[in-house]
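There is one chain below, alone, in structure tokens, taken in the form predicted alone.
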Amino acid sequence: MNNIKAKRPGPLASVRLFFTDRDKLEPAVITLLAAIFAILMGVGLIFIVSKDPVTSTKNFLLGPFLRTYNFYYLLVAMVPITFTGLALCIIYQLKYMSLIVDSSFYTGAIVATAIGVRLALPAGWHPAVAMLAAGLAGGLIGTLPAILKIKWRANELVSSLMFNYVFYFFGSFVILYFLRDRNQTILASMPFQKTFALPKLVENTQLHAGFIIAAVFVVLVSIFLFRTKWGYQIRITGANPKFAAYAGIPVASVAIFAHFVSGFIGGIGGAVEMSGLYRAFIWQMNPSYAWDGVIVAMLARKNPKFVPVSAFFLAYMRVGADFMSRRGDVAFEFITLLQGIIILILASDKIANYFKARRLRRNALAAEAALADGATGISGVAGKGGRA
């Protein structure tokens, strides 16, 4: 008996299949149109509010590439939103709407700060230990909304937003009473030990090894979601929890585990941000990278493989807006409006459903016409046979 193994399509065949499979192509086109529309909307706003719109538009669109420092800054800006985007890809594959990643990221930064200030460890091991501890803390925090939903049916979005405030003020309490540098006029921790810093990838820039760590996690999360049993269980549970339970998948355990992994990634992201960019904890407010992660995950269509592309696009807009605000008369905050436009477009299922409904209607009409033609042909043949 011959065993025939199905061969996976090659790269060219995969590309051809992508462009011919409308179910895959339509979401990508909608995402691309959302990005283009947001940029065009930004240019339109610049022409409305700026006294020198041409220069402001040039700074917005080309600013990240006009100077080498700006481009490296763009790569640095990608790192935290890559981590939060990856974390939220896991949550969204589960079809949950939790934003507890914000708490995981912030608490991970606090835990890393404590280790960076209090512990004396060799270089290399110091940030690694901080990342592991921050990841574990972030993972435990990440499970809280899932547990509340499973045990008491509490809405995970509401509970995660409430927890974000709780852990933000808890982290501020820890910095204020246990780690604060009393010589500073602002709320800041004591300086990190030198062994805590991640190495720089390019001298005289802020680009650090966290960029490579983020790239590694893109690969690991992609493998986790699409090449492991746990990732398969997460996707099946998100697609149909009742079917997953009928198939023997422990739905509650899978939900808690997915939230732990998501929080673990978020916690590591907070530790990487601290050890890569800062010499002390100086955040006066929660940077709320989870909200940027929402946009990154939505642009990536919940697929970790596309998170670097969406993170690059969002960082490009942010760096361009920052460069433009420094050189012109348009405030940096206008980028928030563009992010809101992207979310509104991507969150609207009516756009995707409209194209899908049109295609299904056209296919149904074509199939009905084919059946009618077939029935006419059969009746014609039967009539000729009767006359014979």
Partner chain sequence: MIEFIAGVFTSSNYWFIVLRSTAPILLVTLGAVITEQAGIKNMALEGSMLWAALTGVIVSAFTGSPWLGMLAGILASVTIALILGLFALKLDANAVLCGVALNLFSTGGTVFVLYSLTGDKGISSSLPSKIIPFIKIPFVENIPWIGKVISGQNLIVWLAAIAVVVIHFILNRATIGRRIKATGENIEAAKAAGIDPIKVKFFTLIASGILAGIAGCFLSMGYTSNFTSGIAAGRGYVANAAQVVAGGTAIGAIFASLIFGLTDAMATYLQNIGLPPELIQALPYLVTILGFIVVTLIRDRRESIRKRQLLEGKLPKGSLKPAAVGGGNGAAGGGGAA
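Quantities reported herein were computed from a predicted structural model and do not represent experimental measurements. Positions refer to the first chain, counted from 1.
Below, we turn to the form predicted together with the partner chain, even though it does not appear here.
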*asked:* Given the stretches 263-271, 148-156, 191-199, 129-137, which is the single one in contact with the partner chain in the model of the complex, using a heavy atom cutoff of 4.5 Å?
replied: 148-156
_Selected contact from 245, 223, 161, 252, since only one has a non-hydrogen atom within 4.5 angstroms of the partner chain in the model of the complex_ = 161
*Among 306, 217, 73, 92, which has any heavy atom within 4.5 Å of the partner chain in the model of the complex?*
92
*With the partner left out here, if you bring back the partner chain in the model of the complex, are 143, 278 and 287 all within 4.5 Å of it by some heavy atom?*
no
*Consider residue 330 of the chain shown here, and say whether it contacts the partner chain in the model of the complex, taking contact as heavy atoms within 4.5 Å.*
yes
*Does the partner chain come within 4.5 Å of any heavy atom of residue 233 in the model of the complex?*
no
*Answer for residue 334 alone: is it within 4.5 Å of the partner chain in the model of the complex, judged on heavy atom distances?*
yes
*asked:* Since only the chain is shown here, I'm wondering whether residue 291 would be in contact with the partner chain in the model of the complex (any heavy atom pair within 4.5 Å).
replied: yes
*From first to last in sequence, which residues of 164-187 have any non-hydrogen atom within 4.5 angstroms of the partner chain in the model of the complex?*
165, 166, 169, 170, 172, 173, 176, 177
